[in-house]
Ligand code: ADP
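One chain follows as structure tokens, the form predicted on its own.
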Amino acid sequence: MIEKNIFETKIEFIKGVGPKRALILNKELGIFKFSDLLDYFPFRYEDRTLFVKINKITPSLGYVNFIGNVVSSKTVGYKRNKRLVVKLKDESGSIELVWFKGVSWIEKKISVGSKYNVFGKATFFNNTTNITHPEISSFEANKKGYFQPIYNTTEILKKRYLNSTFIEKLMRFVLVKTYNSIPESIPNHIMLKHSFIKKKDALLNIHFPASKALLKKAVSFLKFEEFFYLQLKILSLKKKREAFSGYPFKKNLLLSKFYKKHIPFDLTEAQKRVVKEFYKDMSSGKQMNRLVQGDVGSGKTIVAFLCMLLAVEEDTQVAFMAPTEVLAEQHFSSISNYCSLLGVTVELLTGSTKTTKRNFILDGLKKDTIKILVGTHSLIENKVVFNKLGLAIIDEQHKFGVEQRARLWGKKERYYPHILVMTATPIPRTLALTLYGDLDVSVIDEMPVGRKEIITSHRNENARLRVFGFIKKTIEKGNQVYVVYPLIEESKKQDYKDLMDGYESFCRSFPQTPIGVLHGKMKAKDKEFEMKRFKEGKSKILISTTVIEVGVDVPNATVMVIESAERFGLSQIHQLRGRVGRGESQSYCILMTKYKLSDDAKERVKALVGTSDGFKIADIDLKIRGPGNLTGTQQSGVLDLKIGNLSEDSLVLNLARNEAKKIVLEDPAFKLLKNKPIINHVLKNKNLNLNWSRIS
């Protein structure tokens, strides 16, 4: 084996592994070669550096490490009930050790009068403290205490005896083989500046810490390294994009005309600030790449429309892509009203668009008679050809794949279209820097004047009749009500049954009230019919799944009841309740749950009742669920962080970003000798390709 390729060595060549075990480790843990194993970090450690006196051992201490002499050893019971009871004592007292499994094997290991080192968890049984199935080994006078690494395994691995101890043995073998060959991955000037330990010592101490201080140093370095390369990817992409030319949109007469004569309300200061940021980007001659974040109801659509007017005035076209037909129709409806005031042509293209209409739209795009096209995934079809696409707007972008966004972005002529990405899911800053670090971020952090806060309350099944009474009063006042049931992929049949049972229950409880039902199994025209009925006030209660999460705007709807609220994510419920509170009346959100809730569910409900600030909710959601689940990036591998934690490591992330930013500005091609470790590291780690992009 050539030394420089040692990290590429397959794990099947380690003694005790072989092809069969290697295949299981490949499938279960994604470990194929030495480098994969080195990057598989322990998830916790057992501190065996401290030794406890026997008389101090109590169940409240958890796992304990102690030394004592065996004073007696006996088996109790018969056959299946057989157990081994060993009495161990030191100068302070004595304790019983008990084994129910492997009795014969343990019995042979233990001799009365000998000294042993024991590690285990204390329990209280028959008024005495004892330890069941402890680890026991002969006492060695010169042996020091240590930190025991514990590795995550799976049930399949455990069944094949490939447990944490087995992984530990492999790790010791691989570290001995590779330690002296582990290269530095961070430039020396950064290492010295932050007093980082060497990469090889970081890997040694993350697996087998010599002390708490060295473990801390190892963790600090490895977190920095992970974030540093993630930020290098993002910032390198941003640097490359800055070289792309965009249409220079310098005229703003159409925007000014709309603002002075037609805008139906005053913009908030946050909206004005964001519009100025758009104009600065779009008039620069460089391609705009901007993310606009805004909580539900903060007024992103009107801001996006003002952005469109800059493109239309310069005689280019606009594509506005939304993830669902309901949302696309909502945007089209609000934009159409504004466009008619200015004489700007706008059309809607979705999967439901009839062939004749579709052909008319495709022809109008080529001839440049259609200036704004709103639609769904249909916009990225090859048949959709723009005469001169100047601006592409993507709403709720996390629901689109990278390839889909890239295809819209690629519908260019001479210049790249300006890109505006919108999301109503507030994202914590650490997550935004990681997911969208190659985009400039605008935040609408202010709600329109006069908007009342939605009152959120939590109720369980015992309060069902009171909730029905509240719904009845709401309808008598002339307002409308949403009732939302969960629809989760794994249990569609059960969820559908819950929805229909709920529908029947409401029909029985409100026999004189027109009730609509809306779910994903319905045909598009039936969904449209039900939504139209509700918007027009013809139905008073709408029983629905989460298809109404985004896009539905019914100012007269003032109550949102969310059934089985414990089954929804925090951000999802926050999005749902944003469907009410869109008119002048006080609005309410009622979270219905079962009586017994998990700790996570209790925390989610408490957060929702306590605040309506989407950014605070996003921070709590990040802590509870982690970044992958929060944004749907788990499957894409984008946030496959090995050691970094976005909800806890904002300081390290910012430090890594600042160092990466300096390098990208000074040496974007990494040609300087001092940055050679970066190139070497990227070449050895193909997944660190610096042409990476989350967005397009």
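Each residue number is its position in the shown sequence, starting from 1. These numbers come from a predicted model, not from an experiment.
As for the form predicted together with adenosine-5'-diphosphate (ADP), it is not shown, yet the points below apply to it.
Of 375, 299, 246, 149, which residue is found within 4.5 angstroms of adenosine-5'-diphosphate (ADP) in the predicted complex when only non-hydrogen atoms are counted? Filtering the options by heavy-atom distance leaves 299.
Contact residue in the predicted complex, chosen from 266, 381, 453, 536 - any heavy atom within 4.5 Å of adenosine-5'-diphosphate (ADP): That would be 266.
Given a 4.5 Å cut-off on heavy atoms, tell me which of 151-159, 290-298, 538-546, 117-125 is the interface stretch with adenosine-5'-diphosphate (ADP) in the predicted complex. Every other range fails; the passing one is 290-298.
Does residue 205 make contact with adenosine-5'-diphosphate (ADP) in the predicted complex, using a 4.5 Å heavy atom cut-off? Close contact is absent here: in the predicted complex, residue 205 is far from adenosine-5'-diphosphate (ADP), nothing within 4.5 Å, heavy atoms only.
Indicate whether residue 388 is a 4.5 Å heavy atom neighbour of adenosine-5'-diphosphate (ADP) in the predicted complex. Flag for residue 388 set to no.
I'd like to know if residue 553 sits close to adenosine-5'-diphosphate (ADP) in the predicted complex, meaning any non-hydrogen atom pair within 4.5 angstroms. Contact check for residue 553: yes, within 4.5 Å of adenosine-5'-diphosphate (ADP) in the predicted complex.
Considering only heavy atoms, tell me if residue 251 and adenosine-5'-diphosphate (ADP) come within 4.5 Å of each other in the predicted complex. No, residue 251 sits far enough from adenosine-5'-diphosphate (ADP) in the predicted complex that none of its heavy atoms falls within 4.5 Å.
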